[in-house]
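The chain below stands alone, shown as C-alpha cells; this is the form predicted on its own.
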C-alpha cells in the first residue's frame, strides 16, 4: 500500500494532469472500524468505533463561480454540476454523496463556492468500513474550505450534515456512528458514542494494541432485508416489555436482569434478538473500562463474546465471517476478534499484540481461503485521526 505521502503526491500529480494547474488544498475523510457495539445504534445504545488510516482524499482548487467539477480516480469518471441545480444522479451513484453534502450545507444557510477536484480513496467499497461516510466528510471539508467557511460548522454539525445528506439525498437510512468518527476521531483514540443523546467521549486505545482487519470479500446480499427484520424484532421486544416496564423507550433502557425476569413475555426469537442488544450495550461500557485500564485481555474476551452473541442470538454472522474470526484467533498474539458492521459479509476485526500483526495476517491467508474458497484482503491499522484539511 502506498504511504500517505505517496498517495498525496499521486493525487496532486493527477490534479495537475487533469486541470493543468496545481491544487491548493487537500481534504481528507477517514474510514472507520467499530471495535464493539453492533446493532446497538438503532436501539439508542452505545458504539465504540475508531477512525482507520484508510481514507478518501480530495485535492482541490477553489473556483470563482458556483460550479463543482470533480474527477474520481478509482471510477475513472468526470462529473460537473452547478450548486444552483442539485438533482439525484441515477447514472453515477458516487456523485450523489458529493451533491448531497452540498445540498445540506446550503440548506443550513452556508453560501458555497465551487471547486475543481480529484477524488481518490483506499477505503474498500461495500466492505463495512464506511467509504460513504468518508466521502461525505471529505466533501464537506472540501466545500467549506473552498468557500472560506471552514469555521462555519463545528465537528458535530459537520457529522450531522453528512448523515443528513446520506439519509435525505442519497436515500440510505444510516445512523450517526460513521460520520461522527470520521469527523471527530483522533490519533490513538476510540470514540464512545451515545446514540440517544449523541454525546461522545474519547477513549484512549493503548499503544499495546494493534488492529488487523480481515475483509471476507463475501457477498452481503442478505444484509439489507435482515437489517430491517432485526429492527422490527427489537421494536416488538420493546413494545412487549413496556407492558411491565413503562419507563422503557428502547432496548438501551433494559438491563440483562430485567430481560431475564420478563423473558416469558417474548417470543423466543425476539428474546434472543433483545438479549444480544442488551448484553452488547453492557459489553461496550465494559470495553471502555478495559481500554482505560490497559486490560487488553478483557477487551479481547469482550470482542469474542460480542461475536458469539451476533452469531447465535442476532444471527447476522455467516460461514465466511466465522471462518475469518477463527483464522484470526488461531494466531498467537490475537487478544480477540469479531465481525464488524452489519454482518453477513464485509469485515472482521482482531485486537492484536504489536509485532504480531503479520502473524495474524499470515493465519488469515493460510486458513480463510481453504474454509471459504475466497481470497481475502487484510488491512493493518492503528486508531487514526478524523477529518483533516491540508494546505498544499
Ligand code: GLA
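Since the structure is predicted, the reported quantities are computational estimates derived from the model, not experimental observations. Residue numbers count along the first chain shown, from 1.
There is also a form predicted in complex with alpha-D-galactopyranose (GLA); it is not shown, and the following applies to it.
Heavy atoms within 4.5 Å of alpha-D-galactopyranose (GLA) in the predicted complex: which stretch among 81-89, 172-180, 240-248, 282-290?
Flagged stretch: 172-180.
Taking alpha-D-galactopyranose (GLA) as it sits in the predicted complex, is residue 32 near enough to touch it, meaning that at least one heavy atom pair lies within 4.5 angstroms?
Yes, residue 32 sits close enough to alpha-D-galactopyranose (GLA) in the predicted complex that at least one of its heavy atoms falls within 4.5 Å.
At 4.5 Å between heavy atoms, is residue 37 in contact with alpha-D-galactopyranose (GLA) in the predicted complex?
Because a heavy atom of residue 37 falls inside 4.5 Å of alpha-D-galactopyranose (GLA) in the predicted complex, the answer is yes.
Could you confirm whether residue 365 comes within 4.5 Å of alpha-D-galactopyranose (GLA) in the predicted complex, counting heavy atoms only?
Residue-level check for residue 365: no, no contact with alpha-D-galactopyranose (GLA).
Can you work out whether residue 357 and alpha-D-galactopyranose (GLA) are in contact in the predicted complex, taking contact to mean some heavy atom pair no more than 4.5 Å apart?
So residue 357 does not count as contacting alpha-D-galactopyranose (GLA).
Only one of 342, 334, 347, 323 comes within 4.5 Å of alpha-D-galactopyranose (GLA) in the predicted complex by heavy atoms, so just point that one out.
When alpha-D-galactopyranose (GLA) is considered in the predicted complex, the option within 4.5 Å is 342.
Is any part of 364-380 within 4.5 angstroms of alpha-D-galactopyranose (GLA) in the predicted complex by a non-hydrogen atom, and which residues would that be?
Going through 364-380 in order - heavy atoms within 4.5 Å of alpha-D-galactopyranose (GLA) in the predicted complex - there are no hits.
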